[in-house]
Structures are given as C-alpha cells and as structure tokens.
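One chain comes next, on its own, written out as structure tokens in the form predicted alone.
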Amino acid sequence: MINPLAQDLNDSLRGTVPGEMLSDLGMRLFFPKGIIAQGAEAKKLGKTANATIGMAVENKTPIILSSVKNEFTNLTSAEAVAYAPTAGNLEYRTIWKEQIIAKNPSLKDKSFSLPAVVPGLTAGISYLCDLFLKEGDVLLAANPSWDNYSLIVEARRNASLKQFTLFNDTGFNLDAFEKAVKEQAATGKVRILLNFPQNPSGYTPTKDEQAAICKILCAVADKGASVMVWCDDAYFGLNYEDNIAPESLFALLCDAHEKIFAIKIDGPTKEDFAWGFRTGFLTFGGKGLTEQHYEALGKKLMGTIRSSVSCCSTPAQSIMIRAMKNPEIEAEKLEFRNSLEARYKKVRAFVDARKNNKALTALPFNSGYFMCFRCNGFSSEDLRQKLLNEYGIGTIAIDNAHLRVAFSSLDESLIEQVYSTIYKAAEELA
C-alpha cells in the first residue's frame, strides 16, 4: 500500500527517468509531515517556546555533560578518524554491557549477547526489520506511537504496524495488549515493539503492569507461539515516580521462556544526553540461546551494518569510552536528570489541577521527555497550528487526536506560561 504522501512524490516524478526507475521501496518512501517537519516549523515560528524537541534543553541550547564535552579535544588520530569495527569498538561494547547489568541488577547471572553498536536507535530498529520482518508480516506497537515506527516498518519493509490502544482509564491497557498478542499468537508468531518510557506519552508501566505484560507473553509462549519482543529503551532510567518498574522489560524477558526472544535497543542518545552522536546498541537475549547462537545473530547484524553504513562513528565511540570512565559522569547525569524531574513535577502539578478540563485530557505520564494530550472535539493539528501561529509555541500533533509536549525542551520558568496557553487555546477551539 502506497502512502498518499509517497504517491504525491511519485506523481511529481512521473514521466522522468528516475520516476520510471524507482524500486518498490523507492515507490513507498516519503518524508512524513510528522515530528521532524513540525519541529522545523516550530524552529522558525516558535518564538515563545519550542516544546517539540526530543532533547533536554536549557536557555534554548542542548545540555551536554562536561565529561563528554571535555573529551572533544583529547582524541588521538586513531580515536578520531580511524575506521571502527563493523559491530563497534570492543571496549565500548564491553563497558556498555557492564552498564546494562549495573542498571538492571537482575541480569547479573543471565546470559545475553555482547551489545553491538549501530548508528543510532532508529537504525537499530530498521536493522531489526531487515533481520526479522518480511513483507506482509505484522509488528505490534502501541497507539499512540512514535511516527518513525510506521515509516520504517510500512514504507521500508512493506510490513504492517498493528497498534493496540495503549491506555485505559487507569494506566497501561492490559486487556487491549493481551487481545492483540493473542490474535497474533494464533498465527504462530508474535512480533511486538514496546517503548518505555514511551514516546509520545512519557509513560512507563508500574511494577505490577510490567509483571502482567510478562505473564501474558509467557502464556502465549506456553501454548506454542514464538514471541519476539523489541524493547526500545531510548529513554531508559528517566523515571519520576516510585511505583515505576525500575528495570528494562528486557531484563525480565531474556530468560523468561524458551519461546521468547528479547532484543534491547538503547544507547547514550538520551541516557547520556548525546543525541547527535548517533550511536546506539542492539543486545539479544533468549532462554536456551548459546554463545554460538549469539555469534550467528551478531554476524547477521554485522551483515546489515556492513551493507548500509559499513561501520559507525569512530569519534563518537571514542568520546563515550573516555567519558564513561570519568568518575564524575554519574554525578553530572544525576544533575541533569534532577532538572528534568523538576520540570516533570511542575507539569504534573499543573495538569493534575485541571483533570476535569473538557477540552484536553492528559494521557498517563510518569517518565521520559514528554507528555501527551488527547484533544476532545477538535483536531490536534488545529491546536498545534493555533499555538504556533497565534502564540509562538511549538508542539507536535502526533495524529489527529493527540498533541505531544516535550517538557524536556522547556525551561522550568516557561512551563506555567506554555501550559496555560495550551489550555487557553484548546478551550478557544472547543
């Protein structure tokens, strides 16, 4: 199925040599009018505030850890410009695995692969599609979801992204999740992508919800279905409430059942505030898998890396190796994390005081960079345009019903003004 935006581009190229020679993938590709395009508009018109950016910003400038910044001038020529190994610098991979275990203590005695370096988490998801998703296959994901999932899955692979409703009245919608999983289990294979803290909602399951998710997946595995779970942990660790599950879903699933295969997608992008470094990791785990199995999977992954970018950025890896060895880095990260939590709490208090607002309903949120409103009786795009053009405030219309606000890119001093204006504009539309 060709997206209308792709078809518009195809029509523009009709009658030309490149138009005649487009591949089936070339026919399906398009640039979405989503987060990136809306963010570009906000950069131009969002003079009051730009709450579109998936970065942590202070005074309109991306924050940076001193442990990272100070290494830019310290690299040797080999650390700066030499080719990196296809699967990444071995020292970097080893340190990252140690950090995964430190952040997820239950992994200490479990078997899982050495993480492989990929050129960003987006590429990591695309590579998983290359390895495990063929034309016509179904990948389950939440609704709402990050818009890039659809572009990767449906345009690049010509597969289907099937979404379940993420929330009920109290939190994670376990009933919708279970129904979607069971429907796929009836085909013999379940492929599912779960992103926590979630983009766009900023939600992480509670400890009880996480346990229930694992129980549902184990139940279909018990009945013979093969289950693959992609754990998109881009915002891992940015939790702001005590009842949130503290470990990645990967930690529970990597040895949960012989029929469950888990993959962790993470990296320093958000965890270490290094967005533009474009280095992420893919880590494999499954009960009963051996080192031989992990080696074979690693070489398959190296094949898709080699055939796309050849290898990942050497200086980014070198800087992160040096920074992660710096004893000051954890204190620096905690300072930035506390700043994000302070913004979250201010947004939380503001939104909670308006729970009965008829124009906007805040989706559950407790972590990460974002929160999301459901628009009642008007479109999120209308609200986005009104905020941008009349008030100079940039936000993101995720779909026709949901407006994402990135409090990560709002200075704490701006939060009350921005959120007051969002409610005012919504009430004017309603």
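Numbers follow the displayed sequence, beginning with 1. Everything quoted here is computed from the prediction, not taken from an experiment.
Not on display, but discussed next: the form predicted in complex with a small molecule.
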Task: Partner proximity in the model of the complex: Thr283 to the small molecule, non-hydrogen atom cutoff 4.5 Å - done: no
TODO: Indicate whether Arg278 is a 4.5 Å heavy atom neighbour of the small molecule in the model of the complex.
DONE: yes
TODO: Find out whether any non-hydrogen atom of Leu121 is located within 4.5 angstroms of the small molecule in the model of the complex, and reply yes or no.
DONE: yes
Task: 4.5 Å heavy atom contact, Thr269 to the small molecule in the model of the complex - done: yes
Open item on the list: Can you pick out, from Val117, Ala234, Leu217, Cys254, the residue that has a heavy atom within 4.5 Å of the small molecule in the model of the complex?
Closed with: Ala234
Open item on the list: Between Phe112, Tyr344, Phe261, Tyr149, only one gets a heavy atom within 4.5 angstroms of the small molecule in the model of the complex; which residue is that?
Closed with: Tyr149
TODO: Work out which of the listed stretches, 182-190, 195-203, 104-112, 238-246, brings a heavy atom within 4.5 angstroms of the small molecule in the model of the complex.
DONE: 195-203
